[in-house]
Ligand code: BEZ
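Next up is one chain by itself, shown in structure tokens, the form predicted on its own.
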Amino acid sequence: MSALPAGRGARRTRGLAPTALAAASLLMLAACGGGSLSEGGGGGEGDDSGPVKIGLALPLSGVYSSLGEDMEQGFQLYLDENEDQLGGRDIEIISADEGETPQTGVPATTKLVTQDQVSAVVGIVNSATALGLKDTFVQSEVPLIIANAGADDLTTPPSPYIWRTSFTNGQVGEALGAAVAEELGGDPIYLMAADYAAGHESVDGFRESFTAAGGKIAGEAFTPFGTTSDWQPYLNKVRSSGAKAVYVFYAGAEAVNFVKQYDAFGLGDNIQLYGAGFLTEGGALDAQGKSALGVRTSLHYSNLLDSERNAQFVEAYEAAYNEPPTVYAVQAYDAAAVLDQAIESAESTDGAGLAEALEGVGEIDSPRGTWSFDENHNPDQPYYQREVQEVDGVLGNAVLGELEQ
């Protein structure tokens, strides 16, 4: 994993883990509940003459480290493009290793607030960790800009100290439902997901918009999270249900195994597979190979999105890191853009001052498409229907069109 260099204004005070092993790139998302509160306060010293301290809380080790690497690279690319400054101010980056679970992520991130006295924190992959940190940030009056974790409850109700540049699990599924109902023309669909919060939230969002558009459900199943390796019993139920399509939420290693088994079972020939975009994103698609051809998903980004803004971003990202950007990189890139606006307009760069400035952040000119925060501090953003295709000899998520919401 590349480090944030000690450039003209961005100063680094923590070392970073090395590049993750290939196997670690397969697990991509977790979402469940939790709760934690640490002593102490934060919010920086409000010193408007020196660098602004920003914490990066990312998984630098463990099974989520590939996501952490993508997010770190996205954040750094924005700094590279802006002379290592945000809002015209030099930035001091202090990193914390979120690791795999709240047991590592909560204390490591809390230290950024209580000891390192950062003015804001960016990151958090695991929703359980984010939920466990929510009270810490609110009570310490330090903004947390979530650049991945998708649990719906993180921003409901909204807090002036909790913002999100990624997604909610429910939104990703909900965006696709009406389009699938139209494509099926009255034929039923089968719903399947890992049995944890993210899976249920994604399926609930899809079901709501799908049935509202007249869609019919043939059946559903929730598979044990993290322990299911044989999907044949579930795929047998799909085959006998009369469904003409399947919608699923799987990520990481589960996504890889599910897609491969779905293809090997022969269902892809006559039962279209749909899913939340994490099903075929990044390392998961690399591992699935041609088994994923034809899979359709919804997500707020693809590196194949045809726009001038995205073309510029992809070119710069590939030049810097010799690999295509993922949705995780874009979410962190946009978190830097949000801070750029907030710091520029803030009367004070301590936590409270940045929280007030975040309320005034306007549109973000993003590679995903222009977006802004909604009333709950989530992105009001475009979602796209994507299909795995071979483009110029490489598998990718080709964009079929923007989804109506």
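Each form is matched to the other, and the largest set of C-alpha atoms that superpose within 1.5 Å is called the rigid core. Numbering starts at 1 and runs along the sequence shown. Keep in mind the model is a prediction, meaning the values are calculated, not measured.
Omitted here: the form predicted together with benzoic acid. The next part is about that form.
Chemist: Can you check 106-114, 161-169, 262-270, 212-220 and let me know which stretch has heavy atoms within 4.5 Å of benzoic acid in the model of the complex?
Modeler: Among the candidates, contact is made by 161-169.
Chemist: Gly150, Gly177, Gly74, Gly282: which sits within 4.5 Å of benzoic acid in the model of the complex by any heavy atom?
Modeler: Here the answer is residue option Gly150.
Chemist: Between the options Tyr190, Tyr274, Phe278, Tyr333, which residue brings a heavy atom to within 4.5 Å of benzoic acid in the model of the complex?
Modeler: Exactly one residue meets the criterion: Phe278.
Chemist: Verify the contact flag for Ala251: yes if a non-hydrogen atom of it lies within 4.5 Å of a non-hydrogen atom of benzoic acid in the model of the complex, no if not.
Modeler: Close contact exists here: in the model of the complex, Ala251 approaches benzoic acid to within 4.5 Å, heavy atoms only.
Chemist: Examine Leu67 and determine whether its closest non-hydrogen atom to benzoic acid in the model of the complex is within 4.5 angstroms.
Modeler: Yes, Leu67 lies within 4.5 Å of benzoic acid in the model of the complex.
Chemist: Against benzoic acid in the model of the complex, would Thr326 count as a contact residue? Criterion: heavy atoms within 4.5 Å.
Modeler: Answer no; every heavy atom of Thr326 is more than 4.5 Å from benzoic acid in the model of the complex.
Chemist: Considering only heavy atoms, tell me if Asn126 and benzoic acid come within 4.5 Å of each other in the model of the complex.
Modeler: Asn126 belongs to the contact set for benzoic acid.
Chemist: Who in 191-206 is close to benzoic acid in the model of the complex, meaning a heavy atom within 4.5 Å?
Modeler: Result: Tyr196, Ala198.
Chemist: For a quick test of reading the superposition: does Tyr321 move by 2 Å or more at the CA between this form and the one not shown, rigid core aligned?
Modeler: No, Tyr321 moves less than 2 Å.
Chemist: Given a superposition on the rigid core, I'd like a yes or no on whether Gly99 shifts its C-alpha by 2 Å or more between this form and the one not shown.
Modeler: For Gly99, whose C-alpha is compared between this form and the one not shown after core superposition, the shift is less than 2 Å.
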